[in-house]
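One chain comes next, on its own, written out as structure tokens in the form predicted on its own.
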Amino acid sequence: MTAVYSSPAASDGLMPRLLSQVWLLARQVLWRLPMLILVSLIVFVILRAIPVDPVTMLLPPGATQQDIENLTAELGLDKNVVMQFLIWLKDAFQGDFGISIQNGSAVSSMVAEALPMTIQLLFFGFIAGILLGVAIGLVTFSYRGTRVEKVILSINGIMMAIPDYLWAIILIVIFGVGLQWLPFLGPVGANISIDHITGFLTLDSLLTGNWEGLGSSLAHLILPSMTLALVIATPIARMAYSSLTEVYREDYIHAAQLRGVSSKRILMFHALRNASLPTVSLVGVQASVIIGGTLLIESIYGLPGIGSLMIKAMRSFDMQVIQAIALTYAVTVQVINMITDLVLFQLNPRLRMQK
């Protein structure tokens, strides 16, 4: 029997790398937690500085002073702002965001019910935006020095000036109303029923074998996802093109070209890794743009996500719902930024040496 030995150097190096990854993740979480608390505090104070009394909005015109005092105490609005925030923060850490002022439902349940739709929209929009942006950047770079490059850059510059709501209108008019290729209202067809298991319509359709529901839910996601994708694809395309252009000016690229290395190998194994660093950083920055864009996009396309829920809460000044959704948005942005930092840590050896 032949004995198999593992390399001591390899096993010794695995544990430090693993500990480094765990420590990096812990640091990312620890320093972002105070930021989330600060965002919650700012939203909390601003909502209470607005000259709107939610108590009078809930009570009928003939309510007595005693009714006003009872409801004020029930909502916890009889305490000072600091005490209100501390109570809210303690409950929020336990997953309790209070009761909706308008309908009396638990805010956590309302957010949990609406969140899957927004996550689906963000997932497809984010993936499509990154792929489209990188593809446009690569095509532009491949035609560098030609008229095609100038045309693509000019079109990309014009597209960067178009806001998300205008993209939504353009796509609806072209593909929804004009060509009638895609649906543009609601999460699924009116005559289609999907059993709710996880809340994610596409996943629930797969789990139940509802192929008609899967096709309908995906079709209804195409236009809103492409709306978000187009918003982030244009700056990503510009960054990918600019990064590749800068990388190809480096000495090691010229050295590889002189050695007779093929253009495809230089691009895939030498240029893309270094050019991806600023592009990945930009993706993290664009996270806040695309997440904020769900507010209008969900309303325009009639999707019952947290963006639509936020607009409804703002119309009725439902403070508990607004606070919970604002925190949800902040957490989502921080999670995406944290993932971006971890990816950059893996791609950039200098960051690993600094850690």
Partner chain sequence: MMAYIPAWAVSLIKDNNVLIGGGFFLLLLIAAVFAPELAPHDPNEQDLLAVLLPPMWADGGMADYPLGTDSLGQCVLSRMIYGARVVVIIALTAPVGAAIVGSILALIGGYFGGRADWVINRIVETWLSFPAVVLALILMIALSPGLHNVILAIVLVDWARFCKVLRADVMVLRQRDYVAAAQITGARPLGIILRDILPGIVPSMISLMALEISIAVVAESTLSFVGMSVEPDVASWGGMISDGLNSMYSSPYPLLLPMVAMIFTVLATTFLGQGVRHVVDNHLSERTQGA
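Model, not experiment: these values are computed from the prediction. Numbering follows the first chain given and starts at 1.
The next section is about a form of this same protein that is not shown, the form predicted in complex with the partner chain.
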(request) Go through Val148, Val173, Ile127, Leu86 and name the one with a heavy atom inside 4.5 Å of the partner chain in the predicted complex. (result) Val173
(message) Is it the case in the predicted complex that Ile42, Met314 and Ala326 each bring at least one heavy atom within 4.5 Å of the partner chain?
(response) yes
(message) I'd like to know whether Arg238 contacts the partner chain in the predicted complex, with contact meaning heavy atoms within 4.5 angstroms.
(response) yes
(message) Residue-level contact is defined here as any heavy atom of the residue lying within 4.5 Å of the partner chain in the predicted complex; does Ala190 satisfy this criterion?
(response) no
(request) Decide whether Ala63 counts as a contact residue for the partner chain in the predicted complex under a heavy atom distance cut-off of 4.5 Å. (result) no
(request) Check whether Ser288 has any heavy atom within 4.5 Å of a heavy atom of the partner chain in the predicted complex, and answer yes or no. (result) yes
(message) Going through 139-164, which residues have a heavy atom within 4.5 Å of the partner chain in the predicted complex? Please give them in sequence order.
(response) Ile158, Ala161, Ile162, Pro163
